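Starting off, we have a lone chain in the form predicted on its own, written out as structure tokens.
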């Protein structure tokens, strides 16, 4: 259900939260004209701290039903417990989504899954607040084990203590790994919650589509500045339409034989280079093992911080000359350094065992 059609992404849009029947209908009417696949609105809003607007609850569910009746749009809302599932189903909500604060808690997900047994309604699962792929996969598996056959994942970014450009750091490597491990699972991007602002929505949406995501979830409000929640990241239906039109829609693949042949040749070169890298890494670890043995014989500590700083500084100079970014090089070498430490620690453990 959530997969894109050709190069066109599956589109979910609507206000962060339901505020009034008029607000809901006005937004839905305008979005229906732009080919949106699913109308979203938060009925129950889990907030970080008490005192913030937490949604109108079941009072707003009739408005979602009216949106369906008047516009023909299918509708979706977030649920966080069994009672909310029952209420949403009673009012004919077409799709449910599980939010980041619920995904992080296996007990909450299992309660939702148990409430869904025997009801094969489509369910979307947002990534957990913290960057934990196993929690995300576990939540998806719990919903699947309840008999749900139409499941999708929503990437909405991850909380980080350090300030970043975005409200929630994208950490694209996590959804990329999710797709590798669950290749048939539709993957959508909640660009609103990643950005936390209106200005970067197009950039994040385009990045997601460039990575072959199946769709987008975007918050749309008729008067964003007056929204009761998440005002800074919402846009008007008109601006949303312009954003969708601005996207560069890429095809997932090509049948052009010339393209495929050239691509295969380039991939073969990549494979050869990867093999060279693996051989070099193996040589480096053997050298690290020898260093570990030498340190062990001379009773020298494994970690030498000054040497590590020297390695990084030299690498940054070499990286700049070769057009490589420092963050990339630091990430790679840090992983190599940690493995080298592990190899040297293993040397000490073996000698102690003897």
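Residue numbers count along the first chain shown, from 1. Treat the numbers as computed from the prediction; the structure is a model and nothing was measured.
The discussion below concerns the form predicted together with a small molecule, not included here.
Trainee: Using a 4.5 Å heavy atom cut-off, which of 254 to 262, 145 to 153, 189 to 197, 107 to 115 contacts the small molecule in the predicted complex?
Mentor: Only one stretch passes the 4.5 Å heavy-atom test: 189 to 197.
Trainee: Report yes if all three of 40, 46 and 97 come within 4.5 Å of the small molecule in the predicted complex by some heavy atom, otherwise no.
Mentor: Spot residues vs the small molecule: full contact, yes.
Trainee: Just to confirm, residue 126 within 4.5 Å of the small molecule in the predicted complex by heavy atoms?
Mentor: Yes, residue 126 is a contact residue.
Trainee: Are any of the heavy atoms in residue 101 no more than 4.5 Å from a heavy atom of the small molecule in the predicted complex?
Mentor: Judged by the heavy-atom cut-off of 4.5 Å, residue 101 is in contact with the small molecule in the predicted complex.
Trainee: State yes or no: in the predicted complex, is some non-hydrogen atom of residue 16 no more than 4.5 angstroms from a non-hydrogen atom of the small molecule?
Mentor: Yes - in the predicted complex, heavy atoms of residue 16 and the small molecule come within 4.5 Å of each other.
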